[in-house]
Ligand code: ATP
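Take a look at this single chain, the form predicted on its own, given in structure tokens.
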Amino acid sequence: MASSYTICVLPGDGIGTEVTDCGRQVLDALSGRGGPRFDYDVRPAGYYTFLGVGHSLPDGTLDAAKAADAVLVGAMDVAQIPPHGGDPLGGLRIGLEVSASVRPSRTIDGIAGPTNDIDCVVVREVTEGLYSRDEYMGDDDAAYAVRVVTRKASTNTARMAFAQAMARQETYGRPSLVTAVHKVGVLKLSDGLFLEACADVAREFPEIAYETANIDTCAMDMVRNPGHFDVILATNAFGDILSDVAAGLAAGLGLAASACIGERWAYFEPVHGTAPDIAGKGIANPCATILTVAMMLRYLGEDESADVVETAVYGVLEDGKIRTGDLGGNATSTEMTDAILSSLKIK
């Protein structure tokens, strides 16, 4: 008998609501063909939720996220939410006690990117660092942001990175490498603590190669020699930037999936933003969300279904007949989703 899961869905803002629906169609197609079954608990969060109820992440939404087996999140317009309106993504990360963000980037056949030699995962801490939300004004002409790095969060993030490396080593049948990124020459205490925690975890995984790299050197080497990297381990801001670099080198944000995973809970969200310039036009690329759905399936232990979804997406992209505007075509979101649905090969 097929497994059954409850998915808390936060459609978000802009194109988030549109492409999240595309992801649900893929899940429903799997269910209709004998795969796992899904029930959805749709909850409000984001900028428009703030405008409606005065807070961007209502308590009921966070409670529903904790009660679900996984959470599927659409893009949210966090930039427009004032401080008193809350931070929906930050609230999710802290409330769900996630350990790290996991963002894979790989060259996709049929998609011309700046390089054809990238296949890596950026694992970054997502609850502190420069995004600790601890800012203050020293006086009228000086603003300060506190960069918080703790041993616990750094250790949890490092363990996630090494777990990803172990999984990739098993999948690819080759040695894996974790690269911890830092600027310890300047940030001696905060990055010093981060590297100390990473080294402690590295000793627990002697079968995984481990190295460290300055953030500026790593960014340059990602452009010059992207094939060197396997798993990149970073603090919050550094990892945020490097994961976008990796996505740009691979195929762009329209194909970039991500997950924020902890010991008890996890949420899954495409990397792209709300794209207000195309919102409501039905032309957004749903592939990032559908690949994010595949990550969610893998988290739930449904590896076979995840493989089916990824194979369908990559097959449509390689074929090249159906492409949205960001990929040089003129297909609608519905046309792209329908092509992927038609390509689902249930085993």
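Not measured: the values here are computed from a predicted model. Numbering starts at 1 and follows the sequence shown.
Another form exists, predicted together with the ligand; not displayed. Remarks below refer to it.
The ligand is not shown here, but in the predicted complex it comes within 4.5 Å of a heavy atom of H272. Proximity of I290 to the ligand in the predicted complex falls outside the 4.5 Å heavy atom cutoff. Though the partner is left out of this view, A29 does not reach within 4.5 Å of the ligand in the predicted complex, counting heavy atoms only. The ligand is not shown here, but in the predicted complex it comes within 4.5 Å of a heavy atom of A284.
Screening D277, D216, E211, E135 for any heavy atom within 4.5 Å of the ligand in the predicted complex leaves a single hit, D277.
For the options G254, P226, G239, G74, the residue carrying a heavy atom within 4.5 angstroms of the ligand in the predicted complex is G254. Partner contacts here mean any heavy atom within 4.5 Å of the ligand in the predicted complex, and among 246-254, 172-180, 189-197, 150-158 they occur only in 246-254. With contact defined as any non-hydrogen atom lying within 4.5 angstroms of the ligand in the predicted complex, the stretch 22-52 contains no contacting residue.
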